[in-house]
Every structure is written in C-alpha cells, then in structure tokens.
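In the block that follows, a single chain appears as structure tokens, in the form predicted on its own.
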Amino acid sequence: MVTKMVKAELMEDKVIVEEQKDASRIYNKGFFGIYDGKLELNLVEACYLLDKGKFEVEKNGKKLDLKKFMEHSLSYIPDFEIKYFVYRDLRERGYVIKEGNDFVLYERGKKPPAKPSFTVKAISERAKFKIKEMAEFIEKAKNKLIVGVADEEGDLTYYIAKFFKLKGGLKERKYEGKIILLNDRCIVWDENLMEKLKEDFIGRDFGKYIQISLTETCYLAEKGAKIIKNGRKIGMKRFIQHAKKIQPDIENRFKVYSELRKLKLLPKTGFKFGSHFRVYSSEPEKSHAPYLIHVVGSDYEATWAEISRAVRLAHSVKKEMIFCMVDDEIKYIRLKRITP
C-alpha cells in the first residue's frame, strides 16, 4: 500500500497544510506551527519538515524541492540559514522549539501549553559581538536567554547569557599612610599601611615593600591614603590624569573595582587569564577566585571567536566569565557555555 504524501502550500512567508487529518497529525507529533483545523507553519518549521520528508510543498501548483524552498525563504529572512541550523539542531536533540520574536524553547519533556523556559537567539560566528546589544537581548527575553552561535561548518555552540549578581564576604575599611607613585605602578613603604594591605590581600608583598596597581591606588586614596610623587602629595584628579596616559580605561576599571569592594569582593589582576580582574569572594589564602571580570564600555565590540576563547579559558580554570559593561550604570553579564 502506497502512503499518500502530505501536501502543503507555500503562501509567501508561511506554509499551510489544509487537510485537517494531516494537519492534526503533524501538530500533535511535534507541536509544529499553529493548528486551528488547518496547520500554519513559519518558513523555518516548514523547511525542517520538508528536510525530514514529512510533506511536499507546492507553490502555484509547482512542487518545490529543499533547495528552491531555502532560496525562497532567504528572500524573506536574510539570516534564514543561521536560524534554520539552530532550529534543526535543537529539534534533533529532542526539544520542542517554536518561533516567537526569536525562538522559544521548552525544557526537555515539556510542550505547549506549558510556559517555555528559554528564549533562543540564533547568531552567526561572523556577526559582531556587541556588549550593549547583548544586554538588550537579555532585557527583552521573557525567560532565560540562550545564544546559539553557528560556525562556518554549521556546528553550534550554545551560551546562557544573563545579568549576574555577585556578592562576597570581605569587609572594607579606611586606610592611612603614604603611597609612592613611580610610573605605571606604586610602592608602599609605610609599615602601618603595609600591615593593613597584607591583612586585606591588596597588592603584592615583596618583603620590604608592597607593590600596588594604579587601580588599587585609586581605591586606597579614596579610602584615605595619600599619593606622593617626587616628595609631594598629589590629588586624585592629578593622579587620574597621570594614570590615563598609561592605562586609558583607568576610570572604568576603578568604578568597577570600587563597586566590587562594596559587594565585599576582592579584585586582583586577571592578566594571566586574559581579563582585567580575577575576583575572590573570600580570603585568597582559603579559596580560589570564582570569577573573571573584563571591564568594557557600552560601545565594546569583539568577534565571537574572541568571546568563545575567553569563555572556554574561564571554564578551563573553573571560573565564571563575566563582562562588566560600564554605562549609566554597571551591568555584569555572564556568558556560560552549555550543552543542551
């Protein structure tokens, strides 16, 4: 007995299955499209079903193969192939995924009318990573945001992107004493101040003196210490002017450093890990740093290859990769690689 092939009609940017029995069967098997006596599918869903041989698609009485259907879809959705690769991959993994403003994804084993758990954003590896755009994606998502990045071979890498809250258990205090400004770093000889810095794990102890960074110097000066250059005290404004010649983003780094201290965290240099700070939530002698923080302005852009490298490195050293966007307010954006 020859099984009759299901027929579907292409109507510009959607595909319709008119036969009620066929429409009902396709919908109930995978919750594809919108069912109301007939089945209405978007182009991505229809492409998947055509690819899997679930129906034939016609337009004005002429049958379309997969190649022609994709060409048609590209004229309506410029990044159609990227969206399709992500959709297809998640369907093949057994998920129910439907199209909203982006895609919405249901937890494994769940289906409509249950509430979807994730919003999925499909992106090409060739697209620019823009930190402000990523913040907007997170804000607009009605649930957890997954970013699916398709590489040039069609392989997918997935990230959970979210605003992240940090909190530690280390206290702040006031400081007194002199800090000697050299050029791109500072030295503390003052024994009383040295003792407090050792207790608070600030700077690096070289025995007879402690070396501190320009960012740490800003923080200590704000908390009461004095900055000395060529035997004379200099104010914060003049120090910042000096520091910006060496480290142009000193003001943003200092804003973040200062806020992290208020959150009872301890930032230390993250240079060895390719980021600005490694951040401790408790005493460094008793724990490792759970976070890597990279401080960026709201105009920050990078390639997805750079982002992938940063996230993978953080994971390899058992840390969370957090991009800290300094704008009107400070936002911490965590990217974490996942396997759906």
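Small disclaimer: the values here were computed from a predicted structure and weren't measured. All residue numbers refer to positions in the sequence shown, first residue = 1.
Quick note: we don't show the form predicted in complex with a further copy of the same chain, though the next part is all about it.
Visitor: May I ask you to choose, among Asn143, Asn192, Gln211, Gln241, the residue with a heavy atom within 4.5 Å of a further copy of the same chain in the predicted complex?
Guide: Selected residue: Gln211.
Visitor: Name the residue from Leu197, Leu166, Leu90, Ile180 that puts a heavy atom within 4.5 Å of a further copy of the same chain in the predicted complex.
Guide: The residue in contact is Ile180.
Visitor: Given a 4.5 Å cut-off on heavy atoms, tell me which of 218-226, 107-115, 134-142, 148-156 is the interface stretch with a further copy of the same chain in the predicted complex.
Guide: Contact criterion met by 148-156 only.
Visitor: According to a 4.5 angstroms non-hydrogen atom cut-off, is Ile160 in contact with a further copy of the same chain in the predicted complex?
Guide: Residue-level check for Ile160: no, no contact with a further copy of the same chain.
Visitor: Contact between Glu125 and a further copy of the same chain in the predicted complex at 4.5 Å, heavy atoms?
Guide: Although a further copy of the same chain is absent here, Glu125 would touch it in the predicted complex, with heavy atoms inside 4.5 Å.
Visitor: Give a yes/no on whether Lys29 approaches a further copy of the same chain to within 4.5 Å in the predicted complex, heavy atoms considered.
Guide: No.
Visitor: Give a yes or no for Glu81: in the predicted complex, does one of its heavy atoms lie within 4.5 Å of a heavy atom belonging to a further copy of the same chain?
Guide: Flag for Glu81 set to yes.
Visitor: Taking a further copy of the same chain in the predicted complex, would Ser24, Ala289 and Leu335 all count as contacting it (heavy atom within 4.5 Å)?
Guide: No, the candidate spot makes no contact with a further copy of the same chain.
Visitor: At a 4.5 angstroms cut-off on non-hydrogen atoms, which residues of 239-272 are near a further copy of the same chain in the predicted complex? List them in order.
Guide: Read in sequence order, the residues that approach a further copy of the same chain (within 4.5 Å, in the predicted complex) are Ile246, Gln247, Arg253, Lys268, Thr269, Phe271, Lys272.
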